[in-house]
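Next up, structure tokens for two forms of one chain, structure 1 and then structure 2.
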Structure 1
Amino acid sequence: MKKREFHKLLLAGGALGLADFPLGLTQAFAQGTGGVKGGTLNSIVQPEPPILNLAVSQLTPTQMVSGKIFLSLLTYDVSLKPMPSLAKSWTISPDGKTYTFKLEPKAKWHDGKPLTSEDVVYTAMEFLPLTHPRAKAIFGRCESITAPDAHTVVFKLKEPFGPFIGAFDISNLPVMPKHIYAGTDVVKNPANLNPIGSGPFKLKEWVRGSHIHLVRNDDYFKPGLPYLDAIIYRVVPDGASRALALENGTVQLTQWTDLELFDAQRLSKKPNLAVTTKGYEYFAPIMWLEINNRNAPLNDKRFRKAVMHAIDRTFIKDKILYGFGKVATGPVNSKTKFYEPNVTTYDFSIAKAKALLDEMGLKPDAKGVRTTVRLPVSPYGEMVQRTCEYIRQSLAKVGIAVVLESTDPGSYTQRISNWDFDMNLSWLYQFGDPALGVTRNYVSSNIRKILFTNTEGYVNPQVDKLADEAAVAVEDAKRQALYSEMQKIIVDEVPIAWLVEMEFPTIYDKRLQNLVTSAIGIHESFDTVYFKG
């Protein structure tokens, strides 16, 4: 089916000609497992991912789709307690340095090859260090990663690292098939577009600009699962069409920024739909304006402080995010561990912003412009576009001209990865602990040409030292003290302008069961999701 044909069907409400795109449900109760077998879940993916391998790309659409195709050793409940996935059990040595995982012996790759501990070792030691923004910070702490037998993996740390048990979700360690990738250029491997995973769903078809069609993996190692026959992720660039698709039942699930938030409020009141903001606990993202600390005049902290004063963050929360979220105060989300509230504050003040720029000697020209900066706009919907436009208008009032530059997912990734920007509106996941999801953006050892590292180029040896010490400290009180000191320094130097602690509505057909069961919500494998009634 071509893209044009699909959108015609979508707007028609899915009433005609959908033999290849099942909307109805054919179900049978799965014996002894409590769910109902059958049915096709139709959802949205926005924007279309550039790739389906999250070991290569950590963009949200990639994670959401490939989380059904690949698995990791563990997943986490809403309190971030580890739960089995590819690992059926695990132990931690008394000295906190050795983690031993026992793998599910019946796990297979989608091509029928057995999944073994060698695949895990290869992924952690050889694949991820080449591509992954956090692999170096996490698995670089290992003295060794070994496979004593086909179904046992042993991670031996150089020194205790308390957050380590929280580093085995699908985004941190998506286990890759060694027999597909070893000895190849992993970034260019054709399997990135036709992935061979071990999860409950496998790729049937990907029609660019139209849809990604996943079907049940009948060789999945969990008996009776998955319940669903298929999942179809539909690419619908227009926000109004996405809302219409949910409203008329063409799709049964939207998440993240699929809907404009005013549409989310309206549709959440429909009697056949349910809404939740749960399932984002592991991510706890903060919307921020990343500032390239290398480029003048952005390399002067007075300029960055002026940016903080010039943007009304409450307006962004209330008027652009429709109240979903909370004004941010620094790099750690207030809902996660080791948040420090007593930091430098930046009230909304045009006068203070102008005074700082004047102090720098950055005088306005005849048109009132002090300097011009570039802001690539990521293709994540109207909310991003509106926020970027608001930032442009806000900074113009203090003499900073912002040029908004359109991108697609691929070019956006390339530009930010290669530090080709002055400012960048984004949000990054925190992964439940500063050592896993926060400090990677501020330590100088992680200044890399990989998305979601310290791409702003911030360098402070004291911050490096505090981050290193806090990561390996055993007592939470000690970690809190170190992270508090770190946050105070970072917030005073403003390498990034923190805007809003974000909340996202997941809106879904009430017939869907077991949809949000963990702290990664809709990024889960969906192996127990089913339709009821």
Structure 2
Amino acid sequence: MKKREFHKLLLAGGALGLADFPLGLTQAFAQGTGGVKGGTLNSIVQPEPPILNLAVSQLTPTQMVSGKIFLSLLTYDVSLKPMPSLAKSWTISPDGKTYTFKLEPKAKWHDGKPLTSEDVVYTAMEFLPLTHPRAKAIFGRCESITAPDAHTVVFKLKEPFGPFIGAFDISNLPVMPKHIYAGTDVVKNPANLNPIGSGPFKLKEWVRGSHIHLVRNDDYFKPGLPYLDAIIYRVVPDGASRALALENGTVQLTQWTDLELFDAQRLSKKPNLAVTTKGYEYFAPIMWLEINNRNAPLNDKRFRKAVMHAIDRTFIKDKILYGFGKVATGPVNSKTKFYEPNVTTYDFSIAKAKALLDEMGLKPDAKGVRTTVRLPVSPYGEMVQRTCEYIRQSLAKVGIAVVLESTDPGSYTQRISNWDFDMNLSWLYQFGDPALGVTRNYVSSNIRKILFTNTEGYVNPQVDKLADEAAVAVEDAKRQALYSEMQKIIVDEVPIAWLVEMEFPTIYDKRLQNLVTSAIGIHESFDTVYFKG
């Protein structure tokens, strides 16, 4: 039986409410990999994380390093099916309201104390609601979270919530030690500087501005793991220096945006290096051009359709992203669950764009300008800058003048949060399920003055209704039908011009084995990663 089928069976078993379904997958996996013990993995972390406690900060670099120190109940394979982590097995009641997890009995904290279900309850009910930006939206749906015995946790939902099983990854529920944090100011707890986790690696040393040194946790609950002796993350702020470090072998792994994409393409051709774009499926961001649906003439559907036609998205993918990515077709990434391919398509056609604008009665003036829009350029690197410049050129050809406005992170955040923009180049993590990472950007109940909400101001009662129903539907077929309908409507109305499903290159030394085993890729615990030969 292939692993994926095995998981399907497992999930089916869970949904049918069968009694405990013992997994034993952990051991099987550990034995099956046949890794070699030893070795130090050198990698890069950029920018430097402010803190290594994932329960306190959700930044990507924090997730990457902290994912080796802390664990969650589950992780997800590349097709987003749940896999065991701290939970060795789990069941879902037939009404979709009760989730029961059995924990690994041998799991221990780095200080030697046993990890119990009390820790999980404390984390989800007391710690995360204080510090975690998404915790209330997820665990707030619970009527109760209880620990009937030391190794069982029961989440009881007020009403069914389809994506709930997808919310137990390391970013959503990093399990924290109750005996360290209970009764303290969790944000200022000194343990945040010397994290006590339950993962395969422990923090040995963190020299700010230089490196983070993790070493093997010999008391890890999976026998014989981890394989690596140590992982060192270096802080290298300059892009050229990072490429150099990979090239001359100082580091054996780069991820996310560590390298400029032109360097990534060049380096991936070196004989000792391999490249993969797998392992980002859980995040699966889509790069898009947000359009402020409040402002005329952007509030006209025809205008937004014209924008879709006027931008050559294949050009952006091939020339600006150096081929890393795939042209997007709608709000859901094709790697995410419930993606719908049969939606309105928008080919690159200047003639069609002009026709739509003509139809609206937007006539070009003497200089060929029909209207002028403002696009604040976020300060997140060359790629953003180039893409915005390309968009300005593209839209100029159909008579839309784009004024690019440079910003720093603070003013960028403030302008988008306060809806003070006409267009905005951005991307959003999807977290494996439309209910977690997609609909938040399109439902009218989430029109708020906060980044990564429905800042474009899109309102459609039909979409709201479909999103709400799909979130609480129990069966996947039902959810698929609802989300398909929702996607068809949204794509036809173009509240946002979707550009490219982003892909990120993970470039690594070919001797490294088992590097990407799940949908969170390099954020994984790395307990089975090893060097061959």
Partner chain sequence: MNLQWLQGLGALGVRLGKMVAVILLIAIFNFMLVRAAPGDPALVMAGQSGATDEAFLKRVRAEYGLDQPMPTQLATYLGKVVRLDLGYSHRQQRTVLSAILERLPATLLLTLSAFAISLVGGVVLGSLAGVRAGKLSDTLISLIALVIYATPVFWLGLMLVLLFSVQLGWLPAFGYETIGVTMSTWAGIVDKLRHLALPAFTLGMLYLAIYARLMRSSIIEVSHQDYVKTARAKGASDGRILWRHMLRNALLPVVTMAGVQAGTLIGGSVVIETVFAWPGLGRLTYDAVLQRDYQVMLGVFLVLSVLVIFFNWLTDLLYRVIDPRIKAA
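Think of the rigid core as the biggest set of C-alphas that the two forms share within 1.5 Å after superposition. All of these numbers come straight from a predicted model, not from anything done at the bench. Just so we're on the same page, residue numbers count up from 1 along structure 1's sequence.
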Item to check | Of structures 1 and 2, the one that is the form predicted together with its partner chain | outcome: 2
Checklist entry - Looking at how the rigid parts shift between structures 1 and 2, which one of Leu115, Gly199, Phe283, Leu73 is at the hinge? => result Phe283
Item to check | Smaller rigid segment rotation relative to the larger between structures 1 and 2 [°] | outcome: 28
Checklist outcome for this item: After superposing on the rigid core, the Cα of Thr413 moves between structures 1 and 2 by an amount in angstrom of 9.9
Next on the checklist: So with the rigid core superposed, the C-alpha of Lys335 shifts by how many Å between structures 1 and 2?
Outcome noted: 3.8
